[in-house]
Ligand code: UD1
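There is one chain below, alone, in structure tokens, taken in the form predicted on its own.
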């Protein structure tokens, strides 16, 4: 049996008051359409077709789906017809209809809706229903026994029908041949002159065919986004879900309400995340780490047993056992091998710290290679930019860089060397060399007692 999905995403979303297509507005770092497509694929539906408008079509490639442009906005039934007309026909297949502005729908709902067509006697159509707080503008579900008899729009409902709290969520599944027949018979004899997919219910009931309801457990699961207040509500719900998933996997999140996480993160067991922390993009955090408070980590890889306090780490790697912060900034593909110390107001950009390197205070290390167990004194700067291009600084193992040292790149400082406080290093320093001053010059070797 062939299973496909059509995602309706061509609506203009005028209530968003935005130049951005509605389904591209982000929830926890991903466009809301991303969540719909991801949930469909998790439900086992790999063949996904998105009905788009001209503005969305320019971005649709990033979702790795097929797309069909709906040039005229003539209703949901018309959008489905546009998609079906462009697809090869499989009358015995199944088609799930979803919306691109419903990012909170779990994969299980899509799977259950498709499966409902074949359970307890074949049905021509299945649709998701949900108990909603009253009053509501959602269409009411009127049942006949266990099946759906009709959907009554709120504006057309009687007082008794308005009291019904089971409502149409807007997610459907059909046998494909019968969907094609129903769509071909839709009429636009309404005030809006549009073709509504919900009219398919009446089409099937009139023919004596079954329309099976699939109840959703929570009305938040089928929340549609129409404006920015609903966008914020969906964002809170999605963030809570992501936090819950990591907590169930063994991560301590001290205050989920003030912790922001995105999908596709990897966070190891026994890591603790303190309030005010943001972790985004494809970040990986190891086991037994302490992250936060008030820390931002984006597109980074953090090893095991790492502590990061009140700091920013972007596109960088931090090795096992390192301590970062408070108020450090590590960015631009920096790499710390492990057991490193990066302290107050230290910025590291596109630099490599070998194991055991320490820079504890007020320094800028850009485009640098620094060897094992080297200590970088307070106020050190690698002067990597000459006004037109960047240059590299190479510092060896077991080097002691004195406070307020400025290293004018490109420079190499050999293993075991030392720079005095306030030095401006304009020439390479050999292994074991000792320099000081502005510009830095070699220091005279210490006199031996026998030389006196």
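Residue numbers count along the first chain shown, from 1. Remember, it's a predicted structure, so these values are computed and weren't measured experimentally.
There is also a form predicted in complex with the named molecule; it is not shown, and the following applies to it.
Trainee: Examine residue 8 and determine whether its closest non-hydrogen atom to the named molecule in the predicted bound form is within 4.5 angstroms.
Mentor: Residue 8: yes, in contact with the named molecule in the predicted bound form.
Trainee: My question is simply whether residue 110 lines the interface with the named molecule in the predicted bound form - judged by any non-hydrogen atom within 4.5 Å.
Mentor: Although the named molecule is absent here, residue 110 would stay clear of it in the predicted bound form, with no heavy atoms inside 4.5 Å.
Trainee: Determine whether any heavy atom of residue 185 comes within 4.5 Å of a heavy atom of the named molecule in the predicted bound form, and answer yes or no.
Mentor: It does not: once the named molecule is placed as it appears in the predicted bound form, residue 185 has no heavy atom within 4.5 Å of it.
Trainee: With the partner left out here, check for me: in the predicted bound form, does some heavy atom of residue 169 sit within 4.5 Å of the named molecule?
Mentor: Close contact exists here: in the predicted bound form, residue 169 approaches the named molecule to within 4.5 Å, heavy atoms only.
Trainee: Work out which of the listed stretches, 131-139, 325-333, 351-359, 257-265, brings a heavy atom within 4.5 angstroms of the named molecule in the predicted bound form.
Mentor: Checking each option against the 4.5 Å cut-off leaves 131-139.
Trainee: With the named molecule left out of view, which of 79, 318, 297, 95 would have a heavy atom within 4.5 Å of it in the predicted bound form?
Mentor: If I apply the 4.5 Å criterion carefully, the residue I get is 79.
Trainee: Which of 373, 153, 230, 369 has a heavy atom within 4.5 Å of the named molecule in the predicted bound form?
Mentor: Exactly one listed residue reaches within 4.5 Å, namely 153.
Trainee: Using a 4.5 Å cut-off on heavy atoms, what residues in 86-113 are near the named molecule in the predicted bound form?
Mentor: 99, 100, 101, 102, in sequence order.
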